[in-house]
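Following this are structure 1 and structure 2, which are two forms of one protein chain, each written alone as structure tokens.
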Structure 1
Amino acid sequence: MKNAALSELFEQMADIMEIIGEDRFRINSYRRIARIISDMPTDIEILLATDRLAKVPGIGKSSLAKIEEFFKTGSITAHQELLARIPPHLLELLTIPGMGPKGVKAVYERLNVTSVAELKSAIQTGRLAELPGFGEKKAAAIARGIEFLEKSTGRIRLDQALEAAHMVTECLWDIPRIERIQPAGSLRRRAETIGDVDILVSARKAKARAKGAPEQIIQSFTTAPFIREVLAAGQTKGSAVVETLTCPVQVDVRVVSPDSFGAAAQYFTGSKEHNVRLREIAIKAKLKLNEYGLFKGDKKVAGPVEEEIYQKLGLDYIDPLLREDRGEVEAAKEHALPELIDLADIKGDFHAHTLASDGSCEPSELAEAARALDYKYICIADHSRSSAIANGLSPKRLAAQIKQIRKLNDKLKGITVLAGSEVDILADGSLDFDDKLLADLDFVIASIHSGLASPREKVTTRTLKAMDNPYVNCIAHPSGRLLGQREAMDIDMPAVIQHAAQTHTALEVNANPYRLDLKDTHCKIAIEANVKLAIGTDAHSAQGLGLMPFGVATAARGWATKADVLNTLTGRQLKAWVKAKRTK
């Protein structure tokens, strides 16, 4: 699937046009095309081949021609021509934190810098600092940005970002006069990976140099014991690398005045694409929107409270989880936003492992932990025999475990343990256990653990065939990806979703932050196809059940309501739901 590569091409054309100073409207339209393509769940080549691409909203004649050219020849002439207008290594400058197209344009035009190496030397000789719009501080920040880039491994997982955010907020709360601390950016939106952590702070008025004055807040942050490196420390903004247990994380802290706090929260939560849409609406209404507030002429009409920004723009309040310009702005206009699934709606967990396979708890311990979370049920889903490394259960061991769970339920009050299995989908699409054994289970999840690199046709067919089994209630981690470690299988997700709808099979939203699988955009398509989502933590310990919020957030980012999520059913409703497929 070439969607990502093609999207990257359009993005790059926009970057180059910005650097050489082309028309703003054309630049924005190229960025929009890039976004449409990267958000597309279907293989764009297939859409093109079946004459459906022209019907995708936002794809105009000229972009269609470029896409056609790309698939015919492997490149786009307009892109080649743009590339020819800049030095070969110039675009590498864009990967430096703190350098956008504007900055690249400035150093290229004024200092004739054409590569990262030349930028480094411009910093060392002081030429960058002398450039208008840069200065000593910014030049030093870019130097550290280069250093950070040379060391860093790219984007981090949500759990890593949360850990860093937690360390910083704990430290900030210790400062006198602090009133509010608001994580923003991709972390607040619960995006699947995080570039850097953004935190907003406000404090009651303090005299200069007193504790709680903006500079002092930034200083407390940049001198905290867990800071490995300071990238920038200004009057109201500090940027530093936090050393967490697992990795270094860049954190930006901004001190904001209380009467702009809502506007700042809105602006710095993003996404950039969402903000662009809001600003368009503001301009149409003859208003001005920025991180300080919403203005009519010189008069501030909203600022302290985030909700009021949306309200004054004529929009329903949009949950941060939806702020990706994926239709939420239109829906907010039409009062058609979904009432999102919430952690409090969750009545159980579908995916937990015990000591019998590769977990670390007894079923009874998981049951206690689930009851403490106010759940009504928890499904034990240990591996099956083909997952030998994970000590998968033989049919005999599974039969014994079912008995053990039934006995346990006789003793338990207020919580039901469901006897389940995470049964392996074998190479030919058949399952690791026969139907007779599966029929004894309360809930069955099936998943692929081998041959993930097989061709698209193969992994797709395997998955579709597993769904045909009347006892398979859910496909676990349908794409098989491990964020930062392993690519998703080349699986035809629209086909999987369609077949799930036809076979009354749920799709898992695996809540483990390494997985988040289904991912948000696929959740949205599944919901539109009337497929139920089953959120599972894939817990290997009692503590692991605590990963549920990541799964709920991912489903919500896919616009899931309570009705779309299987975990909101009561035990009785769930039983009926399972039975419906078996008696079909």
Structure 2
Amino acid sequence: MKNAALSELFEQMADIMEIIGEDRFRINSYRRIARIISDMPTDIEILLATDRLAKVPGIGKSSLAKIEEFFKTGSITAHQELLARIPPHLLELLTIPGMGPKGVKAVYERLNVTSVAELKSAIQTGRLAELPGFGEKKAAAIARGIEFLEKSTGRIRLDQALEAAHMVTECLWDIPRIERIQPAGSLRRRAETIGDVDILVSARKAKARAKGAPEQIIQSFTTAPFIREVLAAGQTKGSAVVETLTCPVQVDVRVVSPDSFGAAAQYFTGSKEHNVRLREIAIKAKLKLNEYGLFKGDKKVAGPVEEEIYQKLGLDYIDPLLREDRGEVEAAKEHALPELIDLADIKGDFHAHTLASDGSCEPSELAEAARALDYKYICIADHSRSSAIANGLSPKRLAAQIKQIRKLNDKLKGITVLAGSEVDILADGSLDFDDKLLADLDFVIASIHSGLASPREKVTTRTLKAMDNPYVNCIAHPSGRLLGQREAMDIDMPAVIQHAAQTHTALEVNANPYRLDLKDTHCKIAIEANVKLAIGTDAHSAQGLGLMPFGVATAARGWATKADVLNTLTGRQLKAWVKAKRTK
């Protein structure tokens, strides 16, 4: 689980080098290494110990030496030397939406701004707007970014919460008396951001009655080596700040009686709104529902098993992913809950990048990784020429890649590589490639990467026009948001969804935990409009394909079934689906 920390460290070195004006080749090299490490599903320390890390494409001798140094000493000398060359709070500016390394370099060198407070002052006095390359609009956007950052403080990404939960549950399973462990709260519901992590623990009945058993469980948690600060430590509950490799996370552990474990799982999973609805039903039935069980008078009628709570209330069991009071209670009454999309239903991935643009491996390597996941197809969707920073492909390079993929498919068995592209939607709504070239592709996704802060009408019109193209099959990360870093575009999503339905265009659910875009509520609106969802990992390495569960959970939170998701189609069905728009 040290992958994220190492990835962030290499990314930070690249940021510092860009701020102080180091060689562009070295900067890009560090960013690529950061991406490779971030996408690895296997603990990098295990790969290093088994001599497999040196064989990973993109990890050279120099980067390998730095990784080895990190595991030996806990730091990297080159990183420490770079940090010493800049003011201590300068890197905080990079957390502001709209402020990249170039912007930080400009305000540092020309305005002597070294902190967020000083940047706010520069905005208020008008100095930032007067700086070449900024102006009033950009200064206002950065001000909004600072406000957005201040509002989002305390929320963490889903992957960060899962990292903390994994650390704690691994620790708890080492305790012999533990029988059940259940993460709860927004983490169990797979919400896009998490406030704190709730974990329920139950001990075996025989030992649970032993004097001091719950206290010993809490003590084992609060004294674990990864604990940064203990906030509370009672008889049955412990609350502490866990020091993960990416950020501190508050984790609450509760020891629950086996007789109440189901009720506690329901209660602490929430959401608050969902629980209110259940309590209303219980009250009408002259029952009482709380974290200890469902009671009729003094008699407990349900408690050990979560499903029984719903059954006794006259409801079908509601999957935790749906517990947001968005109609799930009514559907449970009418036996009309959807059979949610599951990871096992996925037959392919529509969004993967290779070495040709900003990925880290060849199409053949992605194909092998996809086959290992039992996929039937994978779409190579490298960036187009306008994404220069991502080494986007020119028409000539894309044409050559299409030929390469066709030859690769002649050799492959059990998996098909689709020739695709992530084509930039230009300012006027036109596409980076002409229709003749797009017609040679098996699957085309279109996306906006520039001008995200443009007015609502402009970004919406760009997207709608792109969907009018008969060769565009999917709009990637439709809102353009980055959780905790960049706000979504001010785009008219209902209009986008309506036009997607009219033009036979899918909308992507980007599975990267930084994006999760479409968000769950927009997924539900899209499904109700009969728009297909296409889940894409946006993988930049073979390991990045492992992000698919995040996308599946987000789609499921939007009530997606197997029939709503393009990835569940067979290769033949997918080909027919693509053809339907082209021949309309």
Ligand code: DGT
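Just so we're on the same page, residue numbers count up from 1 along structure 1's sequence. Take the two forms, find the largest set of C-alpha atoms that superpose within 1.5 Å, and that set is the rigid core. Please read these numbers as outputs of a predicted model, since none were measured by experiment.
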Which number goes with the form predicted together with this ligand?
1
Once everything's superposed on the core, is Glu81 shifted 2 Å or more at the Cα between structures 1 and 2?
yes
Once both forms sit on the same rigid core, is the C-alpha displacement of Tyr317 at or above 2 Å between structures 1 and 2?
no
So, does Lys137 move by 2 Å or more at the CA between structures 1 and 2, with the core held fixed?
yes
How many angstrom apart are the two C-alpha positions of Phe70 between structures 1 and 2, if you fit on the rigid core?
55.1
